[in-house]
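Only one chain is included here, represented as structure tokens and corresponding to the form predicted alone.
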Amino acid sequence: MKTQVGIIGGGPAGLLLSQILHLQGVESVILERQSRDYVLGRIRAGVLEQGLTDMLRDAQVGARMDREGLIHDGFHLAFGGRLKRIDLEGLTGGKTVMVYGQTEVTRDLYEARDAMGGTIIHEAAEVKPHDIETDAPYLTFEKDGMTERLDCDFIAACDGFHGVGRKSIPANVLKTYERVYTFGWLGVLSRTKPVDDELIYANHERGFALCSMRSNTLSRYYIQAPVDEDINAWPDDRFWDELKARLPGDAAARLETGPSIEKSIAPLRSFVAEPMRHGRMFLAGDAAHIVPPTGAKGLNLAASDVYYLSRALVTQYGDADESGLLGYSEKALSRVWKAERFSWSMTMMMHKFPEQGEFGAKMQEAELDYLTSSKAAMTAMAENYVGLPY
């Protein structure tokens, strides 16, 4: 097999890159090690920056998002028993975010690739990049007991944190930066009305909590918990009681509870790999960076990588100009580190860190008091939340 761009990973980053390239006349093939049902069964966050929603519309996959997604022009910070709203639209000159599940984004992209005849090979095992430092890289993989080869001009590794792409960069070239947190998010999905029309991020002495949603009838809630906590130790009643305890009284009184339809504990880490390009292979999304979910940046950061990489590839094929590809890593990492900073700062401000003692708790309280009393500070938070310019 032969194509122009070989893409490892059939998640939203790989699918979006393939879709954009197709619309610009650049061929691609996606290799995904899981089945389509598995990919579509993954539950992920769904707060989309305006830059990503604009990209999806430009890529002709925004129609259902615009019909079913929830536009949010603000969110709430809860601390000290009170709520303070951050006016995203007012503080950023009209920018907003969209609540629309990552699973739905992935489904829309799959349908678009199918409609346009895109090539996606599922259950492609043992994918390996070869000769990435030459002008003729290629991928090998196992399919139906046979070893297959995909020749290509460039490789895009959109294959996640545990993928083979980053691992194919020599150790003396790759440098990684990481912080692993001692706690995780215990999350529950329930068919209940959201407690509020907008997200609530809560700082509480018992630990962090987040009230989010997937739709007007599907709610997603999280509480901070030890990362090694036994999920079986958290029956629904215990979860709801703990969530209520971490919310201001008015919000707790409005909370509608019900049976959970999904429950899990997600670890938190900050991670960046440099560089995001080696030879003719380019990293995008979780293959290159992970952020704590506090700032709602994971999928959005993958989208900005795709923005830079797709344009660089189109320019290479259209104008024989390789400057975009040569500068991809530096440009992408500049935005990556800013998003890492924002996600880290939100995590540090909103979660309980027992090792920091009472002094640390007082610093969080002072920071939240200052933030919510300063228009300049709220503006900086709002600008980062809606997404920095590409």
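Throughout, we count residues from 1 along the sequence that is shown. Keep in mind the model is a prediction, meaning the values are calculated, not measured.
Another form exists, predicted in complex with P-hydroxybenzoic acid (PHB); not displayed. Remarks below refer to it.
None of Ala112, Ala78, Leu210, Ala225 but one reaches within 4.5 angstroms of P-hydroxybenzoic acid (PHB) in the predicted complex through a heavy atom, and that residue is Leu210. This chain lacks the partner; the member of Pro137, Gly184, Gly295, Gly118 within 4.5 angstroms of P-hydroxybenzoic acid (PHB) in the predicted complex by a non-hydrogen atom is Gly295.
Using a 4.5 angstroms threshold between heavy atoms, Arg341 stays clear of P-hydroxybenzoic acid (PHB) in the predicted complex.
Contact annotation: Arg44 falls within 4.5 Å of P-hydroxybenzoic acid (PHB) in the predicted complex, judged by heavy atom distances. P-hydroxybenzoic acid (PHB) in the predicted complex is approached by Tyr201, whose closest heavy atom lies within 4.5 angstroms of it. P-hydroxybenzoic acid (PHB) in the predicted complex comes within 4.5 Å of no heavy atom belonging to Arg277. Exactly one of the stretches 175 to 183, 213 to 221, 308 to 316, 78 to 86 approaches P-hydroxybenzoic acid (PHB) in the predicted complex with heavy atoms within 4.5 Å, and it is 213 to 221.
Although P-hydroxybenzoic acid (PHB) is not shown here, in the predicted complex the stretch 115 to 134 places no heavy atom of any residue within 4.5 Å of it.
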